[in-house]
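To begin, one chain is listed below as structure tokens, in the form predicted on its own.
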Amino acid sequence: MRRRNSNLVIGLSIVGLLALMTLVSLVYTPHDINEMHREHRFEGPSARFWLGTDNFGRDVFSRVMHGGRTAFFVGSTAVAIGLVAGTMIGGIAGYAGSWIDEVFMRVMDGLLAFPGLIMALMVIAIAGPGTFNTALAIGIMSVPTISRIARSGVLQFKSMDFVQAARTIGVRPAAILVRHILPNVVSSLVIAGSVAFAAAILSEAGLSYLGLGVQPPTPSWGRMLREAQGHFLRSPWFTLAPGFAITLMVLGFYMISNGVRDALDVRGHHL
């Protein structure tokens, strides 16, 4: 039991520390994120600049702290879009069945046929780059996968006795879906949301690295990697700092998803 829950504990600890760093950045950073100290360009870690400085002499640690805001905003917004839209589509398709299920799922299959990055690029090409548009594009990417998870859960529970009993006493289909079926699918959606959050962080970093995601002067870990790519030998901390932050965030959410899944497995064995 203790071994299985270690994933959840470690994952929550990692994400909690990153969230704490991000919250602190709302009121304090060691330096202004856009303040340039040209005489200190490419300076190594020191008491003044904890993670060194970048090619403009800006404090890397302050920008990593502020970049956490971007990561959490894009991740949470994308996951919210994916969960709301995906759960609605999958829930309606699974409960209604018949041609509605067929139409909804074929549309989702069509979206899944597109590589996620290509789909995101299409959305950004239409809506334009920016923080919210990046989150919107990534959220749309996650809808097909989450809708299939929601549909699978609804199909599993809609024929059970408690649902049949609700139908018998005249409970409306929408109420049955929302009050009786979806609460039983929440655990699967939590796992899917954790995985989607990790994927959103990677997608945002990739889009910002390509210059199509979050735009300057807003710090983004992916954008910082792009700015650092030509200076690794001269200033490795400039590259390693945002790269390590991305790795920790993704690792944390994957461990949370594994921990939740393992905890549910343990609960299932005891039942």
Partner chain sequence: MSSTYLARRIFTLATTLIVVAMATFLAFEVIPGDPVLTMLGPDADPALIAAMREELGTELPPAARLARWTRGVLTGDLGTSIRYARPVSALILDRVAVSLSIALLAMGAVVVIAVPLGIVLAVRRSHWSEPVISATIQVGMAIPSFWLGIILISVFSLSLGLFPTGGYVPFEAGIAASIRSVTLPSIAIAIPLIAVVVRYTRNSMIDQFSHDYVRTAFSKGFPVRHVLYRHVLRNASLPVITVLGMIFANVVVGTIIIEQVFALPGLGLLLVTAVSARDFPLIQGLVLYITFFVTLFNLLVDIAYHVVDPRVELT
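Bear in mind that the values here come from a model prediction, so they are computed numbers and not experimental data. Residue numbers count along the first chain shown, from 1.
We do not show the form predicted in complex with the partner chain, though everything after this point is about it.
- Just one of L121, V190, A80, A165 comes within 4.5 Å of the partner chain in the predicted complex, counting any heavy atom, and that one is L121.
- Of the candidates V250, V15, V260, M21, V250 is the one whose heavy atoms come within 4.5 Å of the partner chain in the predicted complex; the others do not.
- Although the partner is absent here, Q229 is a contact residue: one of its heavy atoms lies within 4.5 angstroms of the partner chain in the predicted complex.
- Contact check for I169: no non-hydrogen atom falls within 4.5 Å of the partner chain in the predicted complex.
- Under a 4.5 angstroms non-hydrogen atom cutoff, the partner chain in the predicted complex has P115 among its neighbouring residues.
- Contact annotation for T239: at least one heavy atom lies within 4.5 Å of the partner chain in the predicted complex.
- Partner contact region in the predicted complex: 127 to 135, out of 88 to 96, 149 to 157, 169 to 177, 127 to 135, criterion any non-hydrogen atom within 4.5 Å of the partner chain.
- Looking at 201 to 235, the residues that come within 4.5 Å of the partner chain in the predicted complex, counting any heavy atom, are L202, A205, G206, Y209, L210, L212, L225, R226, Q229, F232, L233.
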